[in-house]
Each structure stands twice: as C-alpha cells, then as structure tokens.
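Just the one chain here, the form predicted alone, laid out as structure tokens.
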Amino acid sequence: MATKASRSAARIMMAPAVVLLLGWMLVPLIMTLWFSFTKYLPLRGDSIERGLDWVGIANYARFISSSSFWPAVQTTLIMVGGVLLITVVLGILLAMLLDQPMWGQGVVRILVIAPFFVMPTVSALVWKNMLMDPVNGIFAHLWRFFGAEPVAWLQDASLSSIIMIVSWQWLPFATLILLTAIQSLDSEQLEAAEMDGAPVIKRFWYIVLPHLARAITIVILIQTIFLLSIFAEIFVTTGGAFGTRTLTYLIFQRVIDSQNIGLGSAGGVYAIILANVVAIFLMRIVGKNLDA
C-alpha cells in the first residue's frame, strides 16, 4: 500500500518528465499562436530578432475567407470517415478470420500486419506507380485482360484512391487491436449460444460485437488523431489536385505560395480547432464505451 511519503517521492521523480512533456507541447503551440497574429516572411528577410509586423486577426480572416477553406475541411472529414469505415469493418472481418486455427497462422498474421510498417511515402509511390498507373499499373493490365478500358485512378477517382491507399496502411493497426480483443472473448459464451441454436449472425451481433466495442473505440480515436493530418499520401499522388486537398495540405500550399509563416500558423490553429471538435464529437458518441 502506497504511503504519503512514497506518493510524494513518485511525484518528485515524475516531475521532470511531466515538465519536459508540457514544454514539448506548449512551446510550439504558443509560438504558433504568436506567429498567427503576425506577418512573418523569413524568406524575404524577416526575423524574430528585428521584430515582426503585428496584423491581428488578418491572417485568420484571410485564411477562412479563402474559397478553398471549407472544401478542404469537407475533404478532410470525408477522407477520415472513409478510412475509419473501411478499416473498422475489414479489421473486424480480418481479426475474426485470423483468430481461426489455420496452417501457417503466424506467417499470415505477420503478412497482414506488415503494411503498417511501410512509410506513407513509400506506400503511396507503390500504389501510384505499380498499381494505379493507367498505362503500366497492375490494375490497368487486369482491366485490359477483362476487355475494359483502364481507369486513371488518381484523376477520375482521386479521393477514393487516396482513401484506399491510407486504408491499406492503417488496416493492420485496426486488425491487430481487434484481434487482441477477440482473443480475450470467453469462448464458453459462444459455445453456449451455439448449443442454444443461435445463428452465426446473432452470435456476432449480441456477443462478439459488444465485446469489441472498447477496442473499436480505441481504434477510432487513435486513427482519427493521425488521419486528420494526412499529407504524404496526397503530396506523392495528386499534389492536392482533383478534389484531394485536405486542410493540412491547404496550410502547406498557403505557406509555400505566400511564404508567410503567420498565415500558415493561422491555418494551423484552425486545424487544431477542427481536431478538437472532432475529438469532442467522438468522445461523446463512442467514448462512452471506454467506461463500460
């Protein structure tokens, strides 16, 4: 049992790590807020030592009044929602499949999880050049084999293509978490339901799915945090064209075009607000499963 002295000693030992973590988070955030109210053009000779021009909320007004802002927010939410839907649904199916006894089960699990360890840039290049290329891609050869005209995926179905690429990379993560949850399911419940004559669908709906609720919640929350900042896949494949420009990519383009760090910082603040709004929404809708 922890005593008052041991708890005090624990707090003292944890204090340096907590202070370092807070500094690691707060310093960039404070600098971003400060830059967002200034006109900062480092490539044109501006420097912090000489002082920056204070512009107030002009950067915020300029960023949100852009005709590309709301479409970028919409694209971001569609992309996040599409990836979550695919990874959760297929993750459950794959987890249930991998939970079944099979020959070479360990090798199969490693192969399923492997895409998660591929760098986003590399996976995007593989999909772009080896699979989705309308001339020499594998999909193009399959289309011609069946007598159909090849599809220019990254032009005609650009948003769906990026969702597919990102889903392929994040599916192993969802599968791994859900597989761990399925393996903790009491098999006696399923056996009892089967002996009572419950069909497979009802066993899944009333026993397996409620048991996976917490794992699904964790998958959704963690993936959403990272999916809101999708960048590499878009940069490598479409360059933000064909309706694939997310809020993160819009911030990048605004900084490159205007060379104004202040304008990009204002966009970063909007991205933080969007992330918090989505997080609050998710915690209210699905976060209650963590308390179950």
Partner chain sequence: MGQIQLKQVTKSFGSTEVIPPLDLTIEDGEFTVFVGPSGCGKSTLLRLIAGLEDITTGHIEIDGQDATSVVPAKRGLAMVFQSYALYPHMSVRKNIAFPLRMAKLDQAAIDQKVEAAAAVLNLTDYLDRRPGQLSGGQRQRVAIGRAIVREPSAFLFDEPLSNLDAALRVGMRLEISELHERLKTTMVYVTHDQVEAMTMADKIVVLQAGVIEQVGTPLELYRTPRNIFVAGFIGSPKMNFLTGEEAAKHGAHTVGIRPEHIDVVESGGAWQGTVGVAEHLGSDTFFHIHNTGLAETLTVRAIGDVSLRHGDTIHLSPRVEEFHRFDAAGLRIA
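Residue numbers count along the first chain shown, from 1. Computed from a predicted model, the values in this text were never measured in an experiment.
Here the subject shifts to the form predicted together with its partner chain, a form of this protein not shown in this document.
Report task. Scan I207, L90, I78, A140 and let me know which has any heavy atom within 4.5 Å of its partner chain in the predicted complex. Result -> Looking at the other structure, the residue within range turns out to be I207.
Query raised in the report: Among A192, A148, L85, V200, which has any heavy atom within 4.5 Å of its partner chain in the predicted complex?
Result: Looking at the other structure, the residue within range turns out to be A192.
Query raised in the report: With a 4.5 Å heavy atom cut-off, would you call D186 a contact of its partner chain in the predicted complex?
Result: So D186 counts as contacting its partner chain.
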